[in-house]
Every structure is written in C-alpha cells, then in structure tokens.
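Encoded as structure tokens, the following chain is the form predicted on its own, with no partner shown.
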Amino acid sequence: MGGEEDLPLHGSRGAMRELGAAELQQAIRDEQLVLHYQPQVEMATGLVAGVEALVRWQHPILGLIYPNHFISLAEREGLMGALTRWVIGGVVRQEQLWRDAGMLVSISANISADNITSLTLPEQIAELLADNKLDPTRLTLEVTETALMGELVTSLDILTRLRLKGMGLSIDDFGTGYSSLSQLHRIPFTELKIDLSFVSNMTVDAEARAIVKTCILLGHELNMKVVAEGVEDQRTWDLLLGLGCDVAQGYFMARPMPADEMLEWMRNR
C-alpha cells in the first residue's frame, strides 16, 4: 500500500507506541484514511504516464501515519481485505473526480499477499469499476515479488483473472524476491518495477547499476513496461534514460501529494 516512508511513530508526548486492530478498524470505518499520489513520468517524453496511490492514516491524535506502521497490523489482524477495498474504492472515486475536471490519468494501487489469494477479488474490483464507468485499463494493481513468491500457486489464477478483466498487473520491488524466469513467464504481468534499493545506489555502485540494467533488459524481453522507483537526482535519471528505462518515479520529479495538489501539479506540467 506504499511503504516508501520509514518514519517513526510517536504519541502525543513523543513516546513510541503501538497501534491496535480496533483503531485501524475504526479508521477504515470512519474515513480516517487518505490517499496521496506520486507521479510516474515517461522518460522518453517527460509526460506523466500515471500516478501511484499511497495510503496514509490521518489519526485524530497522532496525525499523519505512514503505511509502514499499519500494513503489517492489517495483515496480522485480517484487515487487508477491508483496507484494500477502501483503497481501490478511493482510487476509483478520485479518478472520476479527475476525469470530471478534464484530467485523464492512469492509477496504480498496491495489493497484498492476502489479496492475491482472495477468490472474490477480481469480481469485486470489476464490479466497482463498472459501477463507476472506469476503464479497467486505467487501473494497474501492484503486487510485490516477495508476496507473489510466497503464494504462487493460489495467486496465479487470481492474477490471471484480474488481467483478463482488463487491469494492468505490476510486479513491485523486483529484484528482492528471487523469482524464476519460468514463474515470471506464467503470470501475465504488464509492468516491472525495479526495487528502489538498486535504483538509489546505481550512481555509486556498479553491481546495483548492473542489476538495474539486467532488470530493464528482462522486462523488455518479456514485453513489460519497466518502471524505476527511487529516482532522486539528475544523474540517476540520465543513467536510467541511457539504459532504456520506460518510466521513472521518485522525489526528483515529485513527492507523494494529496489529490488536489496532484491535479495542480499535472496541470502545471
């Protein structure tokens, strides 16, 4: 659901404290969750290729909480289904608002290992898209390589059904989950996202640069669009462009931002 920020969680007096399942259930029910969006830029043209939706929790006491503090809680307490439904619902509603404002944009959203074993997920998302008249090709679902490798047999059917319904499929954090070529070949991914740990080090680490190059070549050979996460500076952008990467995402272009700021950013762009 977007864990790009690893910020500490403090209570009102500055002490670290744990969040509870009941709090998260209430947050989902009471609309305390918010979505921020980070643009993805087409490297060859500089145009916006889409945005990634990243969930945050606007806690009434603790303030804005980043997903690294509550995604594991949701997984542990069986709340990922409800959380994912909220996120996808929010994405669909936001796309409709942007469409009404004259802005057509594709949106990516994360799903978890729990989601890709849910037999009802493809129909639930397809129904939501149909109800809101959203073209399914404008939605890409991202699943991490690690989650995929842990649930490969069950997830293969779910992911194939999602793809058949027209949605894009992205393998996220690629390079960290040790997937085999045969596994990648079996699942109809449309996009490969290179893990930011390699991208952010490629200007100073020859091995990281070699891994990024290999990922780009592999993605293209498998007819996938390749996205580099963690693009922080001009030097990284230039290296990726020279290697033929398709899309860049990172602070060099823009940080994640609320929907209204995202609309303004796209218009100015």
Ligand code: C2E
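One rule holds for the numbers: they count along the sequence shown, beginning at 1. Quantities reported herein were computed from a predicted structural model and do not represent experimental measurements.
Although not depicted, the form predicted together with the named molecule is the subject of the following passage.
The contact residue chosen from Gln94, Ser170, Ser155, Ser112 relative to the named molecule in the predicted complex is Ser112, the criterion being a non-hydrogen atom within 4.5 angstroms. Contact annotation for Glu232: at least one heavy atom lies within 4.5 Å of the named molecule in the predicted complex.
The named molecule is not drawn, but in the predicted complex it has a heavy atom within 4.5 Å of Leu54. A residue is said to contact a partner when one of its heavy atoms sits within 4.5 Å of a partner heavy atom; Pro67 meets this definition for the named molecule in the predicted complex. When contacts are judged by a 4.5 Å heavy atom cut-off, Met103 does not count as touching the named molecule in the predicted complex.
Taken together, the three residues Gln32, Gly89 and Leu128 all stay farther than 4.5 Å from the named molecule in the predicted complex, as judged by their closest heavy atom.
Partner contact region in the predicted complex: 77 to 85, out of 116 to 124, 77 to 85, 129 to 137, 157 to 165, criterion any non-hydrogen atom within 4.5 Å of the named molecule. For the partner-free chain shown, Gly250, Tyr251, Pro256 of 247 to 268 come within 4.5 angstroms of the named molecule in the predicted complex, judged by any non-hydrogen atom.
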